[in-house]
Each structure stands twice: as C-alpha cells, then as structure tokens.
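Before any questions on binding or motion, here is one chain by itself as structure tokens, the form predicted alone.
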Amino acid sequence: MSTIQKKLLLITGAAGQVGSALRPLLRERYRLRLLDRQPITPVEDEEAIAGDICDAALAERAVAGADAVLHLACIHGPAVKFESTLGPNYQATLQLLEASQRHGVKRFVFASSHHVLGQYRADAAHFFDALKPAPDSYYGMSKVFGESACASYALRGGPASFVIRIGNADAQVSDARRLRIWVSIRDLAQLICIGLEHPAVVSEIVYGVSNSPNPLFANTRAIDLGYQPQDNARDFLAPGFLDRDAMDPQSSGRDHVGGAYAAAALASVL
C-alpha cells in the first residue's frame, strides 16, 4: 500500500529562533529543506543546506524541487544600517522569488514584521491593519520592499504569496507593548499552513498575532481564511513582565507600534 509523499518546504533562516521552534510543528505536514549560514543537523523528513542566502547559486539549488518556500532569513535590529540590509533583505528576497518562479514553486510565505507600521503611535487608532506602511527602521523599510516584491511576483505568474506581519514571537511576553502583538509558535505555524494550503491565497497580508487583551491588529483577513488562534498572550507573561508604567517612556518606545525600533534614531545613509 503506497503512501502520499509529503510536499517539500524550503525554510530559510531555519537555524534562527523562530525557524528552530517551527521545525517540529511543520515537520508533521511537510518534508523540510533547511537553509541557514549555521550548520543544522537534520532529523527524519529534513535535509539541510549550509550557506549564505545572498549567494544566487545557492538560492537556486535550495529552491530546486521545492513545492513551497518559507522565507524567514533576514538581518534585523533597531541599529541595523541601510547598507547592511541590501544583501540579505533585498537582493536575497528577489533571488528567492525569481528562482521560485523559474522552478514552479506554488507558494511563497514571507515573514514580514509589525515594524512596517512601527512608526505609528500605539494610541493613534484602535486597529492598525488598514494603515499605510510607516516603517520604524531600515529593517522595517526592507520588509515593506519584501511585501511589494511578493505581490509583484504573485501577480506576474506566481508563486502565490502569503505575507505574515509577525508581532513578537518570543517564548514569553516581556512587557505591555508586546502583550498586544505576541504570537505563539503553534499559532504562527497555523498561519503558515494556511498560507501554504488555502486555495484562495494569491497575494495576501495577514498578522502573526495570537489572542491578546487590547490587540493592535484585528487580523480580519486571517480570520476570514480560517485562522483560529489557540493561545492568548496574557497566559504567557514572563516572570519579570513590565506593565506600561514600568517601561521607560523614551528608550522602550512603549507608545509606538514598533517599540525601541521607533525610539532609536536612523543612522545616516551617507
């Protein structure tokens, strides 16, 4: 009696915090090809490729034969300079999309970020889903670019794209700002599977958030596509959780969607 072989999912940035946490959940449904600069020891239903995502030949080899791509790899941080983002966040994303189109990849799930809206004040609107991008950093700017590139390729013959603007994916919730945008790994995995499998997906943007008190994002489109978050941020508070009054009003960026990213000055590009 034959069994249906699992589809092959390429995960970039697979050795990072989020990629490492997602692997056991995604491995239940897909064979995984893991790409990262750091060596990874694969287990059953996994294979690993070590190398720099900016290498076009490596990207081509990694994409070949894959049914779908989960693109997590990037450089991030509030102090990241513009020049540092050009290779991993711009060029590499385009190379992966182009290779995915050449090889007939069906789905491309792009890990974007709430930092594309990070410059907005967190008390400026009840929900922020429909607002125009206002990135808080060069990292946030690169994610706006990545979202646009995904849409361009999706509407030019594929692959279909599913952008997830991830909130905070730490194991525990450390402060009041993150409480409003936190996502559990199992809820994030559920969103990824919707992006990989839902027949209506062509070019979508959703938010990577679980349930929470006073959420920043309504995430209506994700819910329309069947997303049912299983976790609530209030149940995962860190032992040292800081409420809003305990957060530094300047350095924490507590009053902005992007937190410390919005509070930090942009480095000169000159």
Ligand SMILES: NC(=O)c1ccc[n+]([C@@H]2O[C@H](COP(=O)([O-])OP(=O)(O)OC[C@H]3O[C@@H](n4cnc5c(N)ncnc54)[C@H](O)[C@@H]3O)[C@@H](O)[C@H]2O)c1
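The structure displayed is predicted, hence computed values, not measured ones. The first residue of the shown sequence is 1; numbering continues from there.
Not on display, but discussed next: the form predicted together with the named molecule.
The candidate spot formed by 132, 144 and 256 lies out of contact with the named molecule in the predicted bound form, as no residue has a heavy atom within 4.5 Å of it. Just one listed stretch, out of 145-153, 107-115, 195-203, 122-130, contacts the named molecule in the predicted bound form at the 4.5 Å heavy atom level, and that stretch is 107-115. Only one of the listed residues (46, 231, 52, 60) places a non-hydrogen atom within 4.5 angstroms of the named molecule in the predicted bound form, and that residue is 52. Between the options 80, 99, 74, 176, the residue in contact with the named molecule in the predicted bound form by a heavy atom within 4.5 angstroms is 74.
Contact between residue 41 and the named molecule in the predicted bound form is not found at the 4.5 Å heavy atom cutoff. The named molecule in the predicted bound form comes within 4.5 Å of no heavy atom belonging to residue 260. Among residues of the shown chain, residue 167 is one whose heavy atoms approach the named molecule to within 4.5 Å in the predicted bound form. In the predicted bound form, none of the heavy atoms of residue 9 sits within 4.5 Å of a heavy atom of the named molecule.
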